[in-house]
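Same chain, two forms, each on its own as structure tokens: structure 1, then structure 2.
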Structure 1
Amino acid sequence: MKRDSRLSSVLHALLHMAEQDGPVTSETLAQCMNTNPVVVRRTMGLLREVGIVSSAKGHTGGWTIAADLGAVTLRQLHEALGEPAVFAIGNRNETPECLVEQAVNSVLDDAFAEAEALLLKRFETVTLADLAVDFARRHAEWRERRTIS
């Protein structure tokens, strides 16, 4: 199964944008993420719809973060992407007549719902600002290692 990596992608893009002063073009983001500008526009467009980023056409155009880094959670980003299916495992038939299959679905659905709830709760506690701090720490460590060697 091909995994949906859009959440990972937009986080990567947003943190790079946070490091920049002005707008960043789709072309630049695409290069730094080894992907295609059109894919960037498509995905970032979803974030624009909920006001997390803004875009401008023409010269000096590109993408800009339009919200406070501390106010944007992973959960909001997940929702902005259309709340894609979290699990790669699922029921064969969501509305079976067979009572055996109903019993199976019920147990599996409960377990998956519990795990998804935990994941989304955790997503609520992480903001872009948190990630920026984490990146800054890694960057400082990296500089230190480079100085020593």
Structure 2
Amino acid sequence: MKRDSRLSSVLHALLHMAEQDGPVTSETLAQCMNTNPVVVRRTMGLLREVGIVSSAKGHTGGWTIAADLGAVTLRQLHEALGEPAVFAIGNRNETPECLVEQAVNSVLDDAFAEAEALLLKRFETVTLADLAVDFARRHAEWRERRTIS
């Protein structure tokens, strides 16, 4: 099963956008995310629907962050993206009448549900502002190392 990296990509794009003074085009974001501008527009459109970003058309248009970074959690972004599966593993269902398969699937279902609930609970505690602060710290350290070298 292919991994869904949209949350990671969106976070990457939003942190780039947070560093800009004005709108950022889909083309620029596509370069940052190493994807196609159409994918950016489709994905950002989901965030626009819930008020996280806004867009403007025209020569000076593009995407801007419309929400307070401290108010947007990873959980909200995950939900805005359609709540993709958080695990790339699942149950075998070739023979549902098999008692072994039933026992295995029951245990796995419980474990997956528990792990997903824990992950989503953690997503509720991390905001875009938290990530922006961490990025700023890392960037400052990187610049410091470059000046020393």
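Just so it is clear, the model here is predicted, and its values are computed rather than measured. For clarity, a rigid core is taken as the largest C-alpha set superposing within 1.5 Å between two forms. Structure 1 provides the reference sequence; residues are numbered from 1 along it.
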Pair member which, unlike the other, is the form predicted on its own: 2
Rigid core fit then residue 105 CA moved by 2 Å or more between structure 1 and structure 2: yes
